[in-house]
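This document starts with one chain, in the form predicted on its own, laid out as structure tokens.
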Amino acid sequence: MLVKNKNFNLQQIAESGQCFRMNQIAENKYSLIAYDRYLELEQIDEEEVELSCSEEEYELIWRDYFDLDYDYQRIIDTLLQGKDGFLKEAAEFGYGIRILKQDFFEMMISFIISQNKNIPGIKSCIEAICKKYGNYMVCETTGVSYYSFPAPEALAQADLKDLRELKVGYRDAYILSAAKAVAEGQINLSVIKNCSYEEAKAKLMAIHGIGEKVANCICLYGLHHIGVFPVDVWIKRILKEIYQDEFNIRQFDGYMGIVQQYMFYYMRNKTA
């Protein structure tokens, strides 16, 4: 399945800090595990991406997953036409990033794990959890075997000692709390999807181990509240060094989460 879109860059998306099961497998080629499915993607050129799926599967899952109906170029143009030099550079540098519409529960667990961990460490923990508590699967298209992300009910039955052996550290209790909250109905996916950002954030922060930053990440990457502005160490650095802590997040109200991704990706690569 060939997708044409000038704001769809696989490398930028894979390295944007929002997705932990998207990995490079060859030059310009990536694998992705999401919604119990395995997908391979290849960057053909700046405006074309090849997906290893049928048109039916693309329409059913991946078109929405990659948010391909949203006009990211409009936001890029807004930033390029503005007066903020840093944001101009960030938008130009990260033009192909899109906010993925990922599985809510997977994002809950992933960003709980992300606390005080680097990206390779997060990826390693997530794969270990999938291998122990997920389902073994084989992709019909490619023949590749993989493990799905565990269901809340499976992870809610985990033993703290077993979780600790997967190198999640002190986050073991937080993971278990979140899994139980979903499995037992404290957090209802069909309900929270229809909640406002403030309501969703409050529900998430009521769970042991989820603070404001993690709740904001879950809202942005798991519930697609694209107006949310998570503040991690990279964004804190930008706000302090570039804006002297006087950045007005209201100026891009309604899509600040997308702008945040450009800022994060640019700063992280600029200082690498």
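Residue numbers run from 1 along the displayed sequence. What you are looking at is a predicted structure, and each value in this text was computed from that prediction instead of being measured.
The same protein also exists as the form predicted together with the DNA; that form is not shown, yet it is the one meant from here on.
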Only one of 30 to 38, 48 to 56, 231 to 239, 63 to 71 sits within 4.5 Å of the DNA in the model of the complex by heavy atom distance, namely 231 to 239
Using the partner position in the model of the complex, report whether T78 sits within 4.5 Å of the DNA, counting heavy atoms only.
-> no
Taking 4.5 angstroms as the cut-off for heavy atoms, does I210 touch the DNA in the model of the complex?
-> yes
Indicate whether the DNA has at least one heavy atom within 4.5 Å of a heavy atom of P120 in the model of the complex.
-> yes
Taking 4.5 angstroms as the cut-off for heavy atoms, does K193 touch the DNA in the model of the complex?
-> no
Report yes if all three of R21, T141 and S148 come within 4.5 Å of the DNA in the model of the complex by some heavy atom, otherwise no.
-> no
Enumerate the residues of 126 to 144 that have a non-hydrogen atom within 4.5 Å of the DNA in the model of the complex, in sequence order, or give none.
-> none
